[in-house]
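Form predicted on its own, single chain, as structure tokens, below.
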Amino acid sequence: MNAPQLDMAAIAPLAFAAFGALFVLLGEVWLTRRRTNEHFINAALSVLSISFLGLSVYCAGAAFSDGTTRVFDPANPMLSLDRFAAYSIALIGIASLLICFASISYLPQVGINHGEYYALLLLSTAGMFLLVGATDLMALFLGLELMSIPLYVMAGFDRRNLRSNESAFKYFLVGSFASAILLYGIALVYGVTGSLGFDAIRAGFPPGNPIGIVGLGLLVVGFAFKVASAPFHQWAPDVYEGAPTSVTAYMAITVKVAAFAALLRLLTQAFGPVTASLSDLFWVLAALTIVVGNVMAVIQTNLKRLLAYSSIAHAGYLLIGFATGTVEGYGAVLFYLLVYVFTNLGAFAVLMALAQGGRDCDTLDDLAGLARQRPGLAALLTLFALSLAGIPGTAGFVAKFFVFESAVASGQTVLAIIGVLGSVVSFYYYLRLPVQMYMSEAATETPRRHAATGELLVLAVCAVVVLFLGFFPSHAPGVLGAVRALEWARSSVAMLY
């Protein structure tokens, strides 16, 4: 029997993340036995995690530039590294890397600077890499579980906090339920096609078979749970509120990128023309998610719950691209995910920089008087809030414009109007943040701590990207002409067809 010809380059990003988790655990044991200062251990493990994530991003960038598709096992194609996977892996890796930077000073502030935090983050990231590169339903399910199980632990990482424990328990129950639905959908699809590979499913899927349609519908519902689409969103506000802010940021950003990217690949490569029958389903999901997310965000006073409903609303905008079912719509989705990563991460990074004395920045009242005490942070949070709202001159406006444009071009004008009206509603709750920072006085005069170097780096990167893409989404002048974010997104989608 001949040995399989494996292409190790296809799993390089995943391997670096997985080995990084192993080295973090071993490094914590070694440093602890040497009685090293716990703050040094936290910083060292963070730098180690950043290094391995940097290698993953480098591998993804090289694969994207090369443009060739690498398959781990050509005889049994379950995992591939192509331009689409490389684009998604780079987004997830960069977001995870920046969260590690911000966590260096955040974790000691809230008293949870334990090394397993970085190991869990790396393991979950490895699961996301597997998820976006999966070309087989079994590999997709394994990636989903490897992504989710560490997140259940991370949500309850602050073991002294009852809300954090409750957050982990709710996330585990809902996540398990979503996985069961997804697995049942996989079973039904396998039953009607006799295969788990995307190409074989596309060739053998019977369009009019009711069992097959139910299986496809269950797959979509399983992913709808993961992206917190209404009416499957109920877990998100409670989980986001109870989890530590760095974990909330990680869940809100990377999970959405991984889940939406995996769903996009699944629909285009495994089901192809059959997905046109799901246009009405995505239309309803998008409209309902936009309405629920924006309306519920208006009445929130807790910042993380507000950002949770904001995240739900943005899932609705992303689903507009799926309702179109066009290459342009899917390209707009990938560009939107790029903008979403840096805009949302910037907002959460400000909240992480405001945590001090074992307490998170949780409520709108915590922002009162921030413009006088920390004008730089207030200005940055205002910028990110304006981008989330979709104000012209920011990346958020451009991302929404391309999504709405694709909807109008495909005849989904009513859905585009619902998206625009949802954005108008969002102005109210996003502008509450600068109003609170600039027009309210703090109840106490407790000095705010100065942002650490890692936090400042994250904030600077996010602010630059939000402003840069707000003016130059497709091409930039001079030496920055090589940055063509919109073109990258569209070319990544085009290779799936």
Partner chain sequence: MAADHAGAASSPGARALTAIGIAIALGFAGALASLVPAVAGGAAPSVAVPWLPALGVALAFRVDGLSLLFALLISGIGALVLLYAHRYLRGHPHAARLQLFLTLFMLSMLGLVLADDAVVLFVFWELTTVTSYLLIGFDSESAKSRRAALQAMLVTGSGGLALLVGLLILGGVTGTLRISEWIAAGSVAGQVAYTAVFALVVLAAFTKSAQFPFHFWLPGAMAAPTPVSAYLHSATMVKAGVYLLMRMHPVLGGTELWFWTLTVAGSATALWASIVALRQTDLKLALAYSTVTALGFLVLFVGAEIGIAITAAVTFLIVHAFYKSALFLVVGIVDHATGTREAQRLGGLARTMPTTAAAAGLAALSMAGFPPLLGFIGKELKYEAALAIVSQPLVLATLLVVANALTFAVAAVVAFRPFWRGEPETPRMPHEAPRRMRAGPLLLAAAGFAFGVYPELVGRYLVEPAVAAIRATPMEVDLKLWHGVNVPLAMSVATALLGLAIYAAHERVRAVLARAVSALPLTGERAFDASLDALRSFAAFQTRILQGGSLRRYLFATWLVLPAAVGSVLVLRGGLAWPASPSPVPVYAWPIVLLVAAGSIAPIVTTSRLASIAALGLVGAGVSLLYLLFGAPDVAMTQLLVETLTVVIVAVVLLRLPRFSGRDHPGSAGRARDAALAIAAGTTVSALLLAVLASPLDPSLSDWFAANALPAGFGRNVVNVVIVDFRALDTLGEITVVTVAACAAYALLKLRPGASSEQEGA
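As the structure is a computational prediction, the values presented were derived from the model and not from experiment. Positions refer to the first chain, counted from 1.
Below: the form predicted together with its partner chain, not depicted.
task: Just give me the single entry in 188, 378, 257, 90 that has a non-hydrogen atom within 4.5 angstroms of its partner chain in the model of the complex.
output: Partner contact (heavy atom, 4.5 Å) among the options: 188.
message: By the heavy atom within 4.5 Å rule, which residue out of 368, 266, 196, 341 makes contact with its partner chain in the model of the complex?
response: Checking each option against its partner chain in the model of the complex, the one that comes within 4.5 Å is 196.
query: Hey, in the model of the complex, does residue 202 get a heavy atom within 4.5 angstroms of its partner chain?
result: Although its partner chain is absent here, residue 202 would stay clear of it in the model of the complex, with no heavy atoms inside 4.5 Å.
message: So, residue 467 and its partner chain: in the model of the complex, are they within 4.5 Å at any heavy atom pair?
response: No, residue 467 is distant from the partner.
field: Heavy atom of residue 233 within 4.5 Å of its partner chain in the model of the complex
entry: Output for residue 233 is yes: heavy atoms within 4.5 Å of its partner chain.
message: Can you tell me if residue 435 lies within 4.5 angstroms of its partner chain in the model of the complex, counting non-hydrogen atoms only?
response: Result yes; residue 435 sits at the interface with its partner chain in the model of the complex.
- prompt: Where, among 91-99, 297-305, 355-363, 247-255, do residues come within 4.5 Å of its partner chain in the model of the complex by heavy atom distance?
  reply: Result of the contact check: 297-305.
- request: State yes only if every one of 348, 456 and 488 has a non-hydrogen atom within 4.5 Å of its partner chain in the model of the complex; otherwise state no.
  value: No, because 348, 456 and 488 lack any heavy atom that approaches its partner chain to within 4.5 Å in the model of the complex.
task: Can you tell me which bits of 207-222 touch its partner chain in the model of the complex, meaning any heavy atom within 4.5 Å?
output: Stretch hits, in order: 210, 211, 213, 214, 218, 221.
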